[in-house]
Ligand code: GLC
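One chain is shown next in C-alpha cells, namely the form predicted on its own.
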Amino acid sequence: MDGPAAQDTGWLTQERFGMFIHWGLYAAAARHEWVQNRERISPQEYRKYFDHFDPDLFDPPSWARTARRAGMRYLVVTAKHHEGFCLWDSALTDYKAPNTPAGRDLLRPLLDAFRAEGLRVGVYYSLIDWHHPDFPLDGLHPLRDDLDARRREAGRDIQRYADYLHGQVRELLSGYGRIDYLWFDFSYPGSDWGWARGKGREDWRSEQLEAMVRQLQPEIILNDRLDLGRGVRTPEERQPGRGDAAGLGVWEACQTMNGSWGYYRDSAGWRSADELLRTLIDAVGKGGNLLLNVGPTARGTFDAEAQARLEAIGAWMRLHGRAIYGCGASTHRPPEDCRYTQGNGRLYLHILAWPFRRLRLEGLGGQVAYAQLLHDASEVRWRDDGADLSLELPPRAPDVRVPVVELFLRAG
C-alpha cells in the first residue's frame, strides 16, 4: 500500500467475498437509492419516508446467517448514505433511525449479529449529504435546480459540514467496537466532475480525517475514496481487465444484483446466480475481492430474488470455497472459457463451458502431482507431454454451477 498510511489488508485478501448492504429511507421509495437525486425530491417531500420508516421484520441474526451461508466473510453496511439519514443514534443529528417509527439504533445490533457469526464488519459513510443544511448545492444535490434554494446558497458553509462529518466518523469509531473496514463514498476526483463541486479532499479535510481514523482504530482498513491516492481500490459495477487489475494493488469489485444498490421493487434487471458466481470467480482470478450488494426492504427483509441468489451462491461455495478463500491470480494462462485461481499450493481450474472429454492446460507439464474435481474429490486423470497437460474429463459436466478441477502442484 502506498503513501504514509500503509495498512495491513491481509484478512481482506484472505476472505475475498463480502456482503454490501445499502439500507436507508430510500428502501421505502423502493426505486433506487438515488431516487431523491433522480427525481429531485425536496426535503419536505422526502420526509414521508422518514415518518413511515418502520422495519418491523428487521432480524439482524438472520441477515448475518444468510451472509455466512452464502460464503461471505465480511460486511460493509451503509451507516449513512447520500440522503443523510443515519442508521445509528448519532448525537449530532435528529435525522436518524431512533427518531423514526423504528425507534431504535439499527446499526449496533447489525454489527453485533455479524460479529457473532464470525464475520468481519465494515461501515460505509457517505462524504456527501443531501440533508445537511451546510452541504453545498452541487451538481448532484436534489435541490440543484431549485432557484429559491440557490438564492440561499451563500449561507451554506462546507467547513461546518466537514466538522459534522468528522464528528460522525468519530462516533462510529468510538462507540461501536472494533470496525474492521471503513468504506467512504465518495469524492470528486478532479476536473472531469465539473458538473459537481470539484474540491474533494479539501472539503472533507481528508488528511486530518484519515489521521483521526488511524488514531481511533489503528488496524482499520480504508478504501480509496478520500481522494488521497491510497487505500483499497473499489471499482463499481465493473470488472477490471487482467492488465488493469495487475496495477491496482489491493482491490475490491463492488457489484449489485440488479443495477440498484437500494431496494428496487420493480427491477427487471436481475442478474442470474450463475452470472454473479462467475463475477466472483473473475474477481479472485484477477487478484481482487467481490463485495456483493443486497438492498433490504423497508420492513427489514431480504427480498425473495436476492435471497434465492444468495442461497444458490452459498450452495456452490460450500463445495468450492477453498478455490476462493486465500486465493488470487495465477501466472498461468487458462484455456478458453476457463478461469484460474491459485493459493495454498494448488491451482484451481474453473470451467465455464464444459469441453468434450479433454482439456489442454498450457505450460503445466511436470508441475502437477494430482488432480480432482473439487465438488466431490473424484480423481481427474491426465496426460503429461512434458510441456503441457491434457485433462481427461467426464463426458458430462458435473451438476454444479461452475465445475472446478483442483490441481495439486508439485513443490519447488
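All residue numbers are counted from 1 along the displayed sequence. Keep in mind that what you see is a predicted model, and the values were worked out from it rather than measured.
What comes next is about the form predicted in complex with the ligand, which is not displayed.
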- Query: So which of 239-247, 78-86, 334-342, 200-208 is the stretch with heavy atoms within 4.5 Å of the ligand in the predicted bound form?
  - Reply: 78-86
- Message: Against the ligand in the predicted bound form, would H22 count as a contact residue? Criterion: heavy atoms within 4.5 Å.
- Response: yes
- Heavy atoms within 4.5 Å of the ligand in the predicted bound form: does F58 have any? no
- With heavy atoms only and a cut-off of 4.5 Å, decide whether C254 touches the ligand in the predicted bound form. yes
- the ligand contact at W34 in the predicted bound form, heavy atom, 4.5 Å: yes
- in the predicted bound form, the one of Y124, Y161, Y176, Y95 near the ligand [non-hydrogen atom within 4.5 angstroms]: Y124
- Task: With the ligand left out of view, choose which of F114, W183, Y264, F135 has a non-hydrogen atom within 4.5 angstroms of it in the predicted bound form.
- Result: W183
- Query: Even though the chain is shown alone, can you say which residues of 212-230 have a heavy atom within 4.5 Å of the ligand in the predicted bound form?
  - Reply: R225
